[in-house]
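Okay, here we've got a single chain as structure tokens, the form predicted on its own, with questions on binding and movement later.
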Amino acid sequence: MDVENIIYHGRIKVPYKWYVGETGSRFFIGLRDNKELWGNRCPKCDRVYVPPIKTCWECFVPTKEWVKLKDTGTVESFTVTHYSEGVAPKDVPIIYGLIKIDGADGSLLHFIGDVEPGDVSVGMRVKAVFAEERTGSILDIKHFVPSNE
């Protein structure tokens, strides 16, 4: 195999597609079709996972119960980048936030937008803003914005 065909400008080209399966597909369809966030609950420990997972990480049992979540949450952590590598569809500076979604035990890593970097803080309440045109990906959530909810 020719290394030149694999590595291109510091990135590794992957010659196959990756599918998210039944669980991930249901999550992305909810975002795309209904602007809804869904997680799933472990029947044993009662944890609610977002993004959803097929098997509980703690109990190793199937997580078959789906839970509709709010589109609000709390910033647990964040970072600001002042450069772009072309992967993020945003202008710099880019604010990445770890958002603990209301009603879930897990967090979502996503963009925080419509706010100056200096105004973002841990504990800040945020709300999801959905993209006008949605395609069934995590970018169907355009970003999270500060909220009083």
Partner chain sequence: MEKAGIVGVGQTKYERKKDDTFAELVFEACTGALTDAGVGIEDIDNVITVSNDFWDGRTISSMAIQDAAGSYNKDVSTVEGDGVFGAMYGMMRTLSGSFDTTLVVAHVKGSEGNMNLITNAMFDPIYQRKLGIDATSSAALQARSYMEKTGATEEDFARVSVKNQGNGVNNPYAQIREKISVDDVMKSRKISEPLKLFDCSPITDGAAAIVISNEKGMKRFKKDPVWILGAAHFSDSYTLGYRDLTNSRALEAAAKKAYDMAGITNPLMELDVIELADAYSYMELLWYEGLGLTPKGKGADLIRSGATAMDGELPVNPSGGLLCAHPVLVAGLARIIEATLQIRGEAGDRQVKGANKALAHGINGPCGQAHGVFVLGS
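Positions refer to the first chain, counted from 1. No experiment lies behind these values; they were computed from the predicted model shown.
As for the form predicted in complex with its partner chain, it is not shown, yet the points below apply to it.
Peer 1: Though its partner chain is not shown, can you say which of D33, D46, E58, D102 has a heavy atom within 4.5 Å of it in the predicted bound form?
Peer 2: Answer to the contact question: E58.
Peer 1: Consider the chain as shown here, without its partner, and state which of L109, V67, I29, V115 has a heavy atom within 4.5 Å of its partner chain in the predicted bound form.
Peer 2: Here the answer is residue option L109.
Peer 1: Does the 4.5 Å heavy atom contact test between P89 and its partner chain in the predicted bound form come out positive?
Peer 2: The answer is yes: P89 has a heavy atom within 4.5 Å of its partner chain.
Peer 1: Give a yes/no on whether E85 approaches its partner chain to within 4.5 Å in the predicted bound form, heavy atoms considered.
Peer 2: The answer is yes: E85 has a heavy atom within 4.5 Å of its partner chain.
Peer 1: Under a 4.5 Å heavy atom criterion, is M124 part of the interface with its partner chain in the predicted bound form?
Peer 2: It does not: once its partner chain is placed as it appears in the predicted bound form, M124 has no heavy atom within 4.5 Å of it.
Peer 1: Answer yes if any heavy atom of I53 is within 4.5 Å of a heavy atom of its partner chain in the predicted bound form; otherwise answer no.
Peer 2: Yes - in the predicted bound form, heavy atoms of I53 and its partner chain come within 4.5 Å of each other.
Peer 1: Can you tell me which residues in 58-84 come within 4.5 angstroms of its partner chain in the predicted bound form, by heavy atoms?
Peer 2: Counting only heavy atoms within 4.5 Å of its partner chain in the predicted bound form, the contacting residues of 58-84 are E58, E76, S77, F78, T79, V80, T81, H82, Y83.
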